[in-house]
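Only one chain is included here, represented as structure tokens and corresponding to the form predicted on its own.
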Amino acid sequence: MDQASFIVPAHSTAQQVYDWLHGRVLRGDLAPGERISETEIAGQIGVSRQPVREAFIRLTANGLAEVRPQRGTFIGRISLKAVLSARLIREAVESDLIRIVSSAAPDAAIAELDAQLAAQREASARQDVERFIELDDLFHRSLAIAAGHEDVWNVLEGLKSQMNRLRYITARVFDQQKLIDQHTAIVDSLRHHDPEQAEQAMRLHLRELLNDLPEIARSKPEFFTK
């Protein structure tokens, strides 16, 4: 990747470098524990070291990188505590949001969610993990919008970086169809305007991570920290 294909001159170089690195960390392109170099990254994307240094500082502040004295900067391990905290907050908030939506979900909103489910099935069939996770986020954002609380989802998005890193791992090794089936159950509950069923379906969906996490942590202990 060179500057011509990556950096847009009219926008902040530091922000673009951060966004690129942040995405690579979330997707696992930069693995937990991997050493990263300002000089190497600056040379790779064709910028000076200053915006890369600023991006490293932000990654460190957000818990996605760590500086080891006299050794360098490394991609941080995934915090189990942060993952579990984000999941708990999401369950509490999204369970309320889905009850709001279920009381009067318009046909247009349900039709849009049905279309998203079809797109999720297509992405899963192609084994396109990145697209599948984008669609998963879109699904939950759409529910927040339908509830009239898109800003709430924006707050949640800022809390779940560590959770998102885990999602990329689990989406590669666990059954995506189970998640699609859970999304389908959520939409069906909206179709029937059943708040109790909707909340139960959402809680079941967001608790799926509790089933996946122990196995992933055992299989890749070097990726995690308490």
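What we label the rigid core is the largest C-alpha set whose atoms superpose within 1.5 Å from one form to the other. Computed from a predicted structure; not experimentally measured. Residue positions are given as counts along the sequence shown, with the first one as 1.
The same protein also has a form predicted together with another copy of the chain, omitted here; what follows describes it.
Of the candidate stretches 90-98, 106-114, 121-129, 137-145, only 90-98 has residues with heavy atoms within 4.5 Å of another copy of the chain in the model of the complex. Using a 4.5 Å heavy atom cutoff, none of 36, 215 and 217 lies near another copy of the chain in the model of the complex.
Among residues of the shown chain, residue 73 is not one whose heavy atoms approach another copy of the chain to within 4.5 Å in the model of the complex. A residue is said to contact a partner when one of its heavy atoms sits within 4.5 Å of a partner heavy atom; residue 133 fails this definition for another copy of the chain in the model of the complex, lying far away.
Mapping the unseen interface onto this chain, residue 53 counts among the residues with a heavy atom inside 4.5 Å of another copy of the chain in the model of the complex. Another copy of the chain in the model of the complex is not approached by residue 185, whose heavy atoms all lie more than 4.5 angstroms from it. Taking another copy of the chain as it sits in the model of the complex, the stretch 42-70 comes within 4.5 angstroms of it through a non-hydrogen atom at 50, 53, 54, 57, 58, 61, 68, 69. Relative to the superposed rigid core, the position of the CA of residue 72 differs between the shown form and the other one by 2 Å or more.
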